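Okay, so we've got a single protein chain in two different forms coming up as structure tokens, structure 1 first and structure 2 after it.
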Structure 1
Amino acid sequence: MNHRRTLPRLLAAAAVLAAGSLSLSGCAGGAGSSGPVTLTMWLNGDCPKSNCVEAPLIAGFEKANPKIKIKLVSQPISSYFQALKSASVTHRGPDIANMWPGGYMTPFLRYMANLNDFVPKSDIKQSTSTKYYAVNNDVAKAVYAVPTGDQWYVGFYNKKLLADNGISAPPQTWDELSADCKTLKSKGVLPIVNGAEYGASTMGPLPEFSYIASTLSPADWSGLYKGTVKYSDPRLQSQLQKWADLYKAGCLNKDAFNFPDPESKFEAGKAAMFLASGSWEVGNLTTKMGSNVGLLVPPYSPTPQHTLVETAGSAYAVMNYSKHEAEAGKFAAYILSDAGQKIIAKFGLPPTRPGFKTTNPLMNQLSAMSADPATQLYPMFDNYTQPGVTNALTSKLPQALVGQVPVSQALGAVDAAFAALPSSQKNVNVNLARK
């Protein structure tokens, strides 16, 4: 869940269960374990220097293990999971595979090694995010991938714009957000910017929906995933209506439905808040805005917001059909080792083991918020939704925000998408009833 995991993760969701024939860029194999070994590692997306922690991790690992080389193979984002599934069925996939948690991981459980066999159990237990790669969050039984960092859905605010307009602190509730909106509008300042990002045709609603849905308990989230709680639940309707009322009141840009670059508008100081975002933008916003950018948990709550949406970031699994499973397991262990955590921290990502801090104060602030006992943690909602449901949320929620369809109709369409799922996809058992 780095910058690669915003819009592209939605495109991938629809492809997880799709069938298709694709050419394979890499396959397991190489020299025997008695001599030098070359491992193939698949990456979901490309590897630019500014946003690719894999490069320094591989370099550090190869220096520590001179007989093991890793060939990094970038795969197209839109077809990554489909390609990995096709390759795994024939046991021609990579030795090491980039993995995301929740519903993305489920189809690959039969192909992934239990990393408890390779990674020190103390490192797994210390890591705040390995639970997302364990069945029912139980790391003692099996962990199928190790994350390269934590990731959060979170918003941002412009400190100077708020202060210059008499707002001493960012809003924490619906009422405070509405009041700040009126104040900013009266001064000619756009309160909130939203829009389409990363090549999408419309805005991406899922980061904000995770906070809108946090009015429900974690147990009720589990009910949504398996159909015992309806998306048209009155509590969700009320929350979504308040969200739509923000647009109706002029708190957002009029073209929020498909404005192509909301982040740049926020960076340029032309909007006070940017709520549909996440920690993958922390580095860029800090570079562009310096200390003027602040973290803002979307205040979609009748009482002060103490919720934070966190899920493990991008992770790596060892495929159990690899001819070099033990060597690939060493790389998994390296990610959670002291050496690996230091590389991740230096790169600017939040390591998942305690005692390692990044050089970015906002990232460290998010880590501290997650560790605070007063914070109620939720996972990223769409990590566990079925592809058909994800598509309905993605298409219908933006329409509800801008008033194209009533809130009840939008959520009713999501219920209909769930009802249309095959029974095998409704058999979801997600244990979220823990902090």
Structure 2
Amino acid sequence: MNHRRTLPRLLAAAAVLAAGSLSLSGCAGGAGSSGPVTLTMWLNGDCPKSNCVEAPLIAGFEKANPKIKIKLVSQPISSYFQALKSASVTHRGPDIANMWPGGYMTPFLRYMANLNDFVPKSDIKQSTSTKYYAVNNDVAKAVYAVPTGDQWYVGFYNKKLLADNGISAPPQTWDELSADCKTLKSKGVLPIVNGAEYGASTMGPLPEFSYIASTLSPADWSGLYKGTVKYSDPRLQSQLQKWADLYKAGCLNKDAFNFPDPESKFEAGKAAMFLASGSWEVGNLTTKMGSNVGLLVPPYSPTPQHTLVETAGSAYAVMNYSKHEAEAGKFAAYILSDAGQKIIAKFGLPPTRPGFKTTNPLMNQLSAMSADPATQLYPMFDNYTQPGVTNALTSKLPQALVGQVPVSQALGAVDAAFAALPSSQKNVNVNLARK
């Protein structure tokens, strides 16, 4: 074999192959191509049939736009934003990304496209909660994501379990909760189940902390973000102590700190109340428990609870490093379009544009509560806390609940985490005007 003649041939063949591959890849991924386009969309969590509006939205969108396909990629909740950050820094993230409002969104502002360029302004204006994804809550300025619905932190109760044990209505105050807990315990029923959800290693205390902190006025609540009000404020300590007393009194499962999948236990009727949750579970619980599941705003209040913790629900942003920004923008527009809102309503989520009512009675109940002038609305507390503070809350509050550390020490650690923040993160102004 003549190597001197074979080598150049091999090199030439390799060059032809490489050029061919490059031209082919150019056809598939090139910007502005008229051929079929596949967009990648990241979802924060998994996509079970009963709890994933994204699936019918994508199906509807693909039907309306046959040349655009969307590949849905589920990312673990526990590391979603970290993964998105890493991918965005290197501009190798998805075309469309699941987004949460407030502090979750802030690190991504420079990577998200202004959706005013893609979504009809009339639809944005009509949407009740798209403003939470806009600069200064003003949709006239840049809008970075469009929500698939409104969202609330809320608990649930098992109607039958309460009724069978002589409790006619769900508790509305700390005292009522304590009394119901005693009644249920005496009958051998676990009053409240808590634990680690969605594959996490420990319980997530943030939904409940929003209600614990609702003892503060909206102004004082804002003060927590700025550091003018301490987390170890006596009012917060008192609230947190009452929460910890529930555990001490045996109202929660003993392994509440890290019991895996508490929701399944609640669904199975093995616990009367499940308070560390939110409206994103309404669909799933309705499917599993039917009319036996009732809404229960965590009654962490000395007087009847009129607080509701509400923020715009899960939303979708178009990443400005996407090679298919225009096509991705079409999906954002589809979410707020009539067709998209109908899909959301049919799925059982509360659409954000008026005129589209959901089929789920619990969702409609939440919408009604939210619209009630007597309801004091607060945002999801952790949506606006600095990441260092969120970490401290997530790490210390479960310890306070199960009595591993005193309440004062746990909240003191959160203050210490705030003190350790860089000065640029301390001056946070959160607009708590909700309506």
Partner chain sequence: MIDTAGAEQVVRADARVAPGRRRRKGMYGRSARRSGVLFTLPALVLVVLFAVIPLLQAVYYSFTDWDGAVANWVGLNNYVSTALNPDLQRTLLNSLFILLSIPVGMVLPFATAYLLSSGIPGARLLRILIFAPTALSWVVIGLVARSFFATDGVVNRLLQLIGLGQLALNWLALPTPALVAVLITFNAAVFGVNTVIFLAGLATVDRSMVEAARVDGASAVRILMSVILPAMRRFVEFVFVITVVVSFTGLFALIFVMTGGGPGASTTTLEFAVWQTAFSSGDFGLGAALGLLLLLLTLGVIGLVRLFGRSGDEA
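In this text, rigid core is short for the largest set of C-alphas that superpose within 1.5 Å between two forms. Residue 1 is the first residue of structure 1, and the numbers go on in sequence order from there. Here the structure is a predicted model, which means the values were calculated and not measured.
Only structure 1 of the pair represents the form predicted alone. If you fit the larger rigid part between structure 1 and structure 2 on its C-alpha atoms, the smaller part is left turned by 18 degrees. Once the core is aligned between structure 1 and structure 2, the alpha carbon position of F331 differs by 5.5 Å; this is the C-alpha shift at that site.
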